[in-house]
Structure formats: C-alpha cells, structure tokens
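Here you get one chain, nothing else, as structure tokens; it is the form predicted on its own.
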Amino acid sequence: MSELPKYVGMYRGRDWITTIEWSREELDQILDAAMDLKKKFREKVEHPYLKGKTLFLIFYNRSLRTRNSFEAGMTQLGGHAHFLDPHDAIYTPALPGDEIAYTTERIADVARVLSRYGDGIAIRIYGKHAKWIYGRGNRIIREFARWADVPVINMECDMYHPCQAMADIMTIKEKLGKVEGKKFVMSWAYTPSVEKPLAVPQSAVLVATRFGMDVVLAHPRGFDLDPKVIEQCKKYADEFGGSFEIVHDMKAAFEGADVVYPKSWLSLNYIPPKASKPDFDGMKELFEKNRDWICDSEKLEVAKRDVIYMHCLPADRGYEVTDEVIDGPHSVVFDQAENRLHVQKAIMSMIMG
C-alpha cells in the first residue's frame, strides 16, 4: 500500500458523539476525506487504512443504512465490524441502577472489555431503549465514552445523529457547490408513527447553520426542538454569516428554498422529562391535527426550480412525502444514503487510524 493520506489517524482516539464538539475546520477536513474516499471507492482503488482493526457495533435499535454502511465501510478499509445485538447476543449494557441479574451488564464493564478487544465502539440507542426519557440515549453513549479506551461513535441517539448530518451537508455541497447563503428548510412532516426521535432534524439544522446556510425550521406548534439546539443554531448563524428562523407554515417555508428536508419527529411535550410518563395517545392527537404536512409536488412549486428534496430514509411514503416527489427529479435521497458510507469511512479513518 502506498503512503497513507494525512487524514488517517489525524484525530486518533477522539469520540464522535456530536458535531458540536468538532470545529468547523475539522468538519471540513472530514468532508475532504470523505470525498477522497468516495473517489477511490468509485474508481475501485483499494484503501485498507484500518487493516486488522475492529469496530464493535451495538444496535439497541434496528437499522438498514447505518449498520450496512458501517459494516461495508470497515470491510473496505481493511478492518472488520462486529455486530452486537444487545438483546440476544450480549448482556444488555446498562447504566448503574438499571442492572437486572443475568440479563444486563454495567456499561463501565462492557466498555472496558471491548476496549481490550478492538479499536472502536459504535452505538445506536433511542426511544423505548432509552425509556423514552429525552437525553437518556445520549447519556448512555457518553457513559460508554467515559469508560472506553477507544473512540466511541454515536450512530444515532435521542438527541443527535452526527453521521447523518455530515452525509447531508456533503450531499448539499455536491449538488449546490457553494452552500453559504442557500436556503435550507428542515420541516416536520406527518406520519402515523409518533415514535421518531429528534436526532435527525436537530443535527441537520446544527450543521446547516454551521456552514452558513439560511436555515428555516418549519413545524406545527407543539413540535419544538430542544431549546439548547435552537440557541446553538442562532449562535452558528451569527458566527458563520447565515440566518435561522422558525415558522409554522410548511408551504410558506418552502418558498424560494434551495433544499427541503421534510421529516417527522415526536413532540417533547409528551415524553419525560417534560411529561411524567410517555403519552402517546396525546401525541397521536397532535399528529393527526397536522395530516396536511406532506411534501408533495404542489408544495415544491414555490421552491426554486432546481430545489433538492432530502430525507434520511426510511421515508413514510404517502404520509411524509408522495412517490412523485421522492422518486422524482428533485430527490437526492439515494445520494444521501450513499454518502453515509463515505462520511463514516472518513470519520473512522481519522479517529481509529
């Protein structure tokens, strides 16, 4: 193998839990590395930069794109990904006080053992596996990071999905070129399922404001994002020359948009800590009042002619979006899905290399 690129091992040992903990310059370096790796992948140039290395994948929640992009990515980098099912294959990693005899194992012990066997630990956890307590999934990932001697990667928690956000901004840059000043709309969309976390919309607006875009967050009343995330977006908009606003009309938000990203998420008002216990019946009523929040061709008519439609997938067709849109000329959802592979390979190369 020829000399390793400079980005391999550039941030050896660092955790990847949110983009907030990485500088704009570092995020740009990740994107540059991802483009290099994408080019090599397309040209079938071998790049075993993590030869002989092991990444442990702990999925409390199911996955198509995340699991397969990480497993394929490790294989292409010359390493190996171990899939660990926390419900069957291993004792369920648990926080102190949550242990159940012969069913769970304290995270502190799991993290230290896996650190001795491999080179990284990646975790996905949200929803019922975090007891529907907002922030608990992120806390569990940070507990792994506290005890692990190897990098810990957030594959989506109840607060953030940093891998998806980086694939999103990579896709936008590929399609639009210069992204500063372009209008990015992150919109809520209806679905019969009320259990979708806030990780994707929160990470998307954080990255879009970080890259100087004019960001519009659109949602019906009652679907507010984390106030800390909103405050951070406002700071990024000021720092990087973009803008940030919140509106409550989907079609009005789409007007003049360069990018639209309609996706469902739950209401924080109906889960702890705001509520004493999860109230899915109450949340369902709120969802049903907003069935008209769907991305269809009529709403796209007010956006720019070359607007791009984005979704992290899986999309609830017929609810969040019509087939005409997601399968139409504005859709870049499969480019997004592919870019998950390249971005994650970049991150792994940089922190595990």
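Don't overthink the numbering: it's just position in the shown sequence, from 1. What you are looking at is a predicted structure, and each value in this text was computed from that prediction instead of being measured.
One more form of this protein should be noted, the form predicted in complex with a small molecule, which is absent from this view; the next part is about it.
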query: Listed range touching the small molecule, judged in the predicted bound form by heavy atoms within 4.5 Å, from 155-163, 127-135, 231-239, 173-181; finding: 155-163
query: The single option of 290, 63, 54, 29 touching the small molecule in the predicted bound form, heavy atom within 4.5 Å; finding: 63
query: In the predicted bound form, the one of 50, 294, 312, 300 near the small molecule [non-hydrogen atom within 4.5 angstroms]; finding: 312
query: Residue 340: touches the small molecule in the predicted bound form, heavy atom cutoff 4.5 angstroms; finding: yes
